[in-house]
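We begin with a single chain expressed as structure tokens, specifically the form predicted on its own.
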Amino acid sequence: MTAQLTLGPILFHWSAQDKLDFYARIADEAPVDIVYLGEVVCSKRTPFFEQHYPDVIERLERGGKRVVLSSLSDVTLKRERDMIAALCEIESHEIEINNTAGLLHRSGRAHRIGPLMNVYNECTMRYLAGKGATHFALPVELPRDVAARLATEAAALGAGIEVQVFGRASLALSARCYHARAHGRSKDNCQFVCEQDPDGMPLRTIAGQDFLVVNGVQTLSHSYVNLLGEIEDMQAMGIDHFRLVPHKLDMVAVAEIFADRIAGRIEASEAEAWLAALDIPAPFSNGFWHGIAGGRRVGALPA
């Protein structure tokens, strides 16, 4: 299968206008094949943008992008279960499920499995494929050897396989909102304080070292995953979809660099140099892929 560059759902609480502007530019300029659209972190954010979905979908598809609708990842309330049930009834677009609640409503019909589901082994993949899963976006923490085995299994099942190659790594989700707590608020009365941190709220150790980033109920890595140097290895093992996680930076430029690297138009060293020139406000990491601490970097970056 031809390699596909994908853009994951926006994880952060951006304003509706910022999201509209972002997707308009992605539609017109970004060399991505698939765009995942939907609120996956906090259901309270959904009303701010859901009325714009039809227009955004039309704009993206007019720009030649394929749209996949992503589900919520943390489902604890009845209204959230109802949201999942309604999403799973949609037949006009593919659905990416990020919580097992979605399997109840989508089982037996085609769907994708998102990276916030724990698919760690071949048995799980086979079981989910038997329930209708046609594509698997792997959890970002999986090391290379596990990804290789799952890519082999996906090929045997006729399923797609996807790996995050850029952006902060999602490390945990909670029913509690630390973002609100840090501002002296409760989750129910958060006043959407997470909007103040459009790329997440940085956390530091007591020694002042950058450590993690908080995004509502989600904990992310401080570093940005960057697997430009591992693209050829992934392609050799059968991985055919490469995901970028949106951030408040020039995502069109990021997409162009990864598209050129995936197509073999530039070497890894040149791609790394172009990416470094974007002045991304955190270090790059690839530790998870190499089976070590996720925030570490294997291999030197260009000077």
Partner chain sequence: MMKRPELVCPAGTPAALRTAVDAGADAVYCGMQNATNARNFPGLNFTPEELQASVAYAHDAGTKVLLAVNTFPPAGKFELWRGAVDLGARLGVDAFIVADIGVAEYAARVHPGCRLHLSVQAAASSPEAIRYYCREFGVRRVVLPRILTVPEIRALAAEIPCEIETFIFGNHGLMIEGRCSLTNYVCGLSTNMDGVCSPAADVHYDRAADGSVATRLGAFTIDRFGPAEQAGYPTICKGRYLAPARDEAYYAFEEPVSLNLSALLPALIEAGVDAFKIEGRQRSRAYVRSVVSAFRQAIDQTLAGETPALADLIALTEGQKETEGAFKTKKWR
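Positions refer to the first chain, counted from 1. Predicted, not measured: the structure shown is a model, and the values here were computed from it.
The protein also exists as the form predicted in complex with the partner chain; that form is not presented, and the subsequent description refers to it.
Interface residue remark: residue 209 is counted as part of the site for the partner chain in the predicted bound form, having a heavy atom within 4.5 Å. For the chain shown alone, residue 135 is not a contact residue for the partner chain in the predicted bound form, no non-hydrogen atom being within 4.5 angstroms. Residue contact check for residue 12: none of its heavy atoms lie within 4.5 Å of the partner chain in the predicted bound form. Contact annotation: residue 110 falls outside 4.5 Å of the partner chain in the predicted bound form, judged by heavy atom distances. Residue heavy atoms within 4.5 Å of the partner chain in the predicted bound form occur in exactly one stretch of 156 to 164, 183 to 191, 86 to 94, 227 to 235, and that stretch is 183 to 191. Although the partner chain is not shown here, in the predicted bound form the stretch 275 to 296 places heavy atoms of 288, 291, 292, 293, 294, 295 within 4.5 Å of it, in sequence order.
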